[in-house]
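Have a look below at one chain only, the form predicted alone, in C-alpha cells format.
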C-alpha cells in the first residue's frame, strides 16, 4: 500500500470513529510523525479527506476536522431518503431473497447482540454493514453503490451523536429487519416505505438528543 493510501486510511478511520473529533487540527509535522510517513504523502491524504468533506483548510489553523452541524445532518438524511429508498426498491427487484431472508432473521434477533458487554456494539454494527453490503450487491448499479458508499462515511461519523441509546438501537434493528424482510419478499413498495420510516425515526432521535450539543454540533452551518 502506498504511503499516501496508508495515511488516508488511518486518518479517515480516526475521523469517522471520533478519535480525531470535529475541530481537531491536523498539523503536518505531528501527523507525519504519528503515521510514519513523509509530508508529501500526508498532504495527498489530507487532500482526499478534504474532497470527501471530512477535513477543511482554515486560515491561521491549517487543516482541521470539519464540524457536524444540524443543517448538515438534515441534508445527509435528505440524500439518504433519495438514495436508500431507491436502493431498497432495486434490491427487492434484483436481490437474492434467501440472503435477505437470513439477514431479516438475524436482525429480528439482534437483541442479543445489543446486550453484548462490548461497548462498541461491534457485532451489531457488523450485521448492519452486512445488510448494506447485500443491498449494494443486489442493486446492480455501480453509480448508486458508489454514492451510497460515500454517504455512509459521514453517517458512521454522525452515528456518534445518537449516543448509542439501547432502546433506539433495538428499534432500529427491528426497522432494518422489516426492510430486509420486504426485500426478501420482493415487495419494492413496502421496502421503500420501511426505509422511509427508519430514516424518519433515526433523524427524529438524532435531533431530539442533540438540540444544541455544545461539543459536537456546530449550529452555524459553514
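Superpose the two forms; the largest set of C-alphas matching within 1.5 Å is the rigid core. All values reported here derive from a predicted model rather than from experimental measurement. Positions refer to the first chain, counted from 1.
One more form of this protein exists, namely the form predicted together with the DNA; it is left out here, but the text below deals with it.
Verify the contact flag for residue 61: yes if a non-hydrogen atom of it lies within 4.5 Å of a non-hydrogen atom of the DNA in the predicted complex, no if not.
Within the cut-off, so yes.
Within a 4.5 Å heavy atom cut-off, is residue 165 in contact with the DNA in the predicted complex?
Because no heavy atom of residue 165 falls inside 4.5 Å of the DNA in the predicted complex, the answer is no.
Looking at the partner-bound form in the predicted complex, is residue 38 within 4.5 Å of the DNA by any heavy atom?
Output for residue 38 is yes: heavy atoms within 4.5 Å of the DNA.
Would residue 43 sit within 4.5 Å of the DNA in the predicted complex, counting heavy atoms only?
Heavy-atom contact with the DNA at 4.5 Å: present for residue 43.
Among 153, 56, 197, 27, which has at least one heavy atom within 4.5 Å of the DNA in the predicted complex?
The residue from 153, 56, 197, 27 that makes the contact is 27.
Mind telling me which stretch in 153 to 161, 66 to 74, 28 to 36, 172 to 180 gets its heavy atoms within 4.5 Å of the DNA in the predicted complex?
Result of the contact check: 28 to 36.
Is residue 153 among the residues whose Cα moves by 2 Å or more between the shown form and the other one after superposition of the rigid core?
It does not reach a 2 Å shift.
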